[in-house]
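Next up: just one chain, as structure tokens, the form predicted on its own.
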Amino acid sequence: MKLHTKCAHELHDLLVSKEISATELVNDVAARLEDVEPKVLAFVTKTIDEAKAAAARVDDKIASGEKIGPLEGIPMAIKDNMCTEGVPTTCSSKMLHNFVPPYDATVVRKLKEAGSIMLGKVNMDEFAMGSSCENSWQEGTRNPWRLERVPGGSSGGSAASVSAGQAVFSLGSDTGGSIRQPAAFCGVVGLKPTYGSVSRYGLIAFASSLDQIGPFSRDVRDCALVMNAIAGHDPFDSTSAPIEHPDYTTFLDQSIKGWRIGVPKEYFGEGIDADVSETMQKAMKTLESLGAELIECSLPHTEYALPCYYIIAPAEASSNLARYDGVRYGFRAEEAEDLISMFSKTRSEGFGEEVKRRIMLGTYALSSGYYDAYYLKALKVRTLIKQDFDRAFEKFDVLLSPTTPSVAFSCGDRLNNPLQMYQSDICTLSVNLAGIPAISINAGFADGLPIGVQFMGKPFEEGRLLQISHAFEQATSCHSQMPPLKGGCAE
């Protein structure tokens, strides 16, 4: 039985019925991890010995007749920007190459309490800055569907590990689309929750008003199970919302008949590939067959999302990353003549090109004389973008768009063209600026590469996003396909 091809809820049933043991499960997924890792390159740190010990404890619990939770004994992976006690957390950066946190991020602690078993930390764009997972201090991760293509970024390792069967689910972080874009490129489910739904305590900050942790999974039911485990108020995070969260699995298997789905015309214009547009048309027909009504609408300030994001995000990044100076954390350059040159050499040698580019952009936007002209104006535009969504949700249950304007592009294609790289996230940025939830699921394929459809919802209505995603998933078969990897080589 190929356990690494199954979803968490299927594996839970097998564990409860004692058809498999947690040790067999961890051994199977760990073997798959090692088998395909030389090609996929998803992991930066492996914790397989610790995972086997944890699996043995779950087996003891089952043998003694104790009940186990839905994620107990299930192997997972964690993006390398979430703190893990005693396990290196590098943000895929030379700057933090030797950082071992003394505590767990809240989401990691919650998953441990739920009994999930971590197989390791997965690759990312350095400090979550990128759209291809090529800006890692280590070698870039590859797309399991076609190894010469990128998996998307910045959570490329999280998406690729689930797609390739190296983990049953994973966690990523989304600042401008960093969960949904790699989910679309790798053909898995990726949910960016409402800002404040999931604690960011222990997440190494990129842009604090935009960052949000969320799950990757093989199907929508698994996504709901992970949300049940990680959502909720956290007194350690001042931006965590003090609200009650529902059981997200109760939204599954419910009809969407009569739903009004808005289709923003700005997401279907110039720059969207023909294959992506055609797949969106098929997705809309599927939703109509399920009883939903699809209506064109407008989000008129969408064109300003990209410039607005690339002022606010770098500005916050320049502030957050000021702490990495060689004194308090991680890497320190050697042979500096004085304190100032030590700061300068440390930051020059410790950060990669993309991180330095964004720090300079952000510092400029916040500097005296330019704050009002750039940063303050961007904040005002952000409010207009949020108001667009507020007005749309007065009429519609959810909004639909492509997740990305194209399928996964080739490795190296956009590394020397930052503007073209930034446009990879053009369909996802507005969601982070507005703070609303959105999900990407596989809607089809073009030339063997997955294409994602994005559903955007009202704040704290992740349940309704899971409801429509599950209905769509049950009406199609895209999610059941796995990439053609075998024996560490693409077939």
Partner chain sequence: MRDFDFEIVMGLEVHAELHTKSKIFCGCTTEFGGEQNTHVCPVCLGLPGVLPVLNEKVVDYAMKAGLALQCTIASFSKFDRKNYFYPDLPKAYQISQYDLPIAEGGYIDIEVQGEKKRIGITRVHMEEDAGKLVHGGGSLAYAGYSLADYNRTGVPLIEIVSEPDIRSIEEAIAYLEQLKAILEYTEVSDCKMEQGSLRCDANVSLRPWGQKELGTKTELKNMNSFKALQKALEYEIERQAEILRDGGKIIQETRMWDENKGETIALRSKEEAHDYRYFPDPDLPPIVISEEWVERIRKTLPELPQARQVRLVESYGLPAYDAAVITGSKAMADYFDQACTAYGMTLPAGQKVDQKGQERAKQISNYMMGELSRRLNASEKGFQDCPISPENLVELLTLIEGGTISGKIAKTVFDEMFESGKKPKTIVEEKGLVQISDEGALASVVAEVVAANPQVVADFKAGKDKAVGFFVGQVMKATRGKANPGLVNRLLMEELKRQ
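Numbering follows the first chain given and starts at 1. Please read all numbers here as calculations on a predicted model, not as lab measurements.
Separately, the form predicted in complex with its partner chain exists; it is not shown, and the next lines address it.
Of the residues I261, M284, L415, C83, just one reaches its partner chain in the predicted complex with a heavy atom at 4.5 Å or closer; this is C83. With the partner omitted from this view, the residue of I243, L339, L384, L306 that lies near its partner chain in the predicted complex is L339 [heavy atom within 4.5 Å].
Of the candidate stretches 111 to 119, 208 to 216, 406 to 414, 264 to 272, only 208 to 216 has residues whose heavy atoms lie within 4.5 Å of its partner chain in the predicted complex. Using a 4.5 angstroms threshold between heavy atoms, M280 stays clear of its partner chain in the predicted complex. Residue contact check for A322: one or more of its heavy atoms lie within 4.5 Å of its partner chain in the predicted complex. At least one heavy atom of Y201 is located within 4.5 Å of its partner chain in the predicted complex. Proximity of S368 to its partner chain in the predicted complex falls within the 4.5 Å heavy atom cutoff. Along 345 to 364, these residues reach a heavy atom to within 4.5 Å of its partner chain in the predicted complex: R347, T363.
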